[in-house]
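One chain comes next, on its own, written as structure tokens: the form predicted alone.
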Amino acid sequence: MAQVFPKSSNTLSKASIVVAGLVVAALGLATININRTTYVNTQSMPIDQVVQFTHTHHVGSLGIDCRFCHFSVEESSFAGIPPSKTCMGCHSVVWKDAPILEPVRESYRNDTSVEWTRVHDLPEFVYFNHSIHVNKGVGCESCHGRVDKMPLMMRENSLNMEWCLACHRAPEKFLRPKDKVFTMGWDPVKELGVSQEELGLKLKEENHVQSRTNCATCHR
């Protein structure tokens, strides 16, 4: 009986199996790592807004406290977005006719909200509470970065689960005195003459901070 397939078919079939395995492995790695790319998590990418609000000016130059705008950060899971009347408290006098601020003036006149785009927007299956972190001594800077140096707001960190777990597993690396939570650029070595780890371990005990790594902590 004549041979149906040439001898090279054996080599090709073995090679195809190897190639298929490599393709599957590559797709698996791509799936695992795609959320680490800036294309997906938009880390370090300025976010376009209706009004290009600059934290560098308001926080860095004018020294406005985070809580002036994010009023519910100490009491609620949501930090709060300032209503237009908060903005107009200053801008009814300062830059009151600036074209760039017309969306704010319009929202104030019409009693509507400015359509801000959330920068730190977690998936719906993730629960995050600002108040518990703030009241345990986690500084705004730890998650949001040096906003006082950001002309346009962006994500300083990826917000991936591995990033969250790095803090939950070793919270002492990020804890600071509660009265310094809203202070940008606070340094325990310069201010207190102690290392972050030494101070963090002390604050972890004083504030009863636990290393919460149970899935139900965030996925409820």
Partner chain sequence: MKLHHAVFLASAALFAAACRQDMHDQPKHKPFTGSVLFKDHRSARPLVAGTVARGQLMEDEHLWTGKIDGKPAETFPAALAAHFGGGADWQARMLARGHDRFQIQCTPCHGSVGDGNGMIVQRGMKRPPSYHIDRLQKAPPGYFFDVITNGFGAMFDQRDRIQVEDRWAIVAYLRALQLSQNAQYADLSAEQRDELDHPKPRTEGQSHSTEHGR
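Since the structure is predicted, the reported quantities are computational estimates derived from the model, not experimental observations. Positions refer to the first chain, counted from 1.
One more form of this protein exists, namely the form predicted together with its partner chain; it is left out here, but the text below deals with it.
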Triple contact flag F68, I81 and P123 to its partner chain in the predicted complex, non-hydrogen atom at 4.5 angstroms: yes
Looking at heavy atoms inside 4.5 Å, which stretch does its partner chain contact in the predicted complex, given the options 150-158, 44-52, 31-39, 163-171? 31-39
Is D97 part of the interface with its partner chain in the predicted complex - any heavy atom within 4.5 Å? no
Taking its partner chain as it sits in the predicted complex, is R118 in contact with it (heavy atom to heavy atom, 4.5 Å or less)? yes
Contact between K85 and its partner chain in the predicted complex at 4.5 Å, heavy atoms? yes
Contact flag, E106 vs its partner chain in the predicted complex, heavy atom cut 4.5 Å: no
Pick out the residues of 89-104 whose heavy atoms come within 4.5 Å of its partner chain in the predicted complex. G89, C90, S92, V93, V94
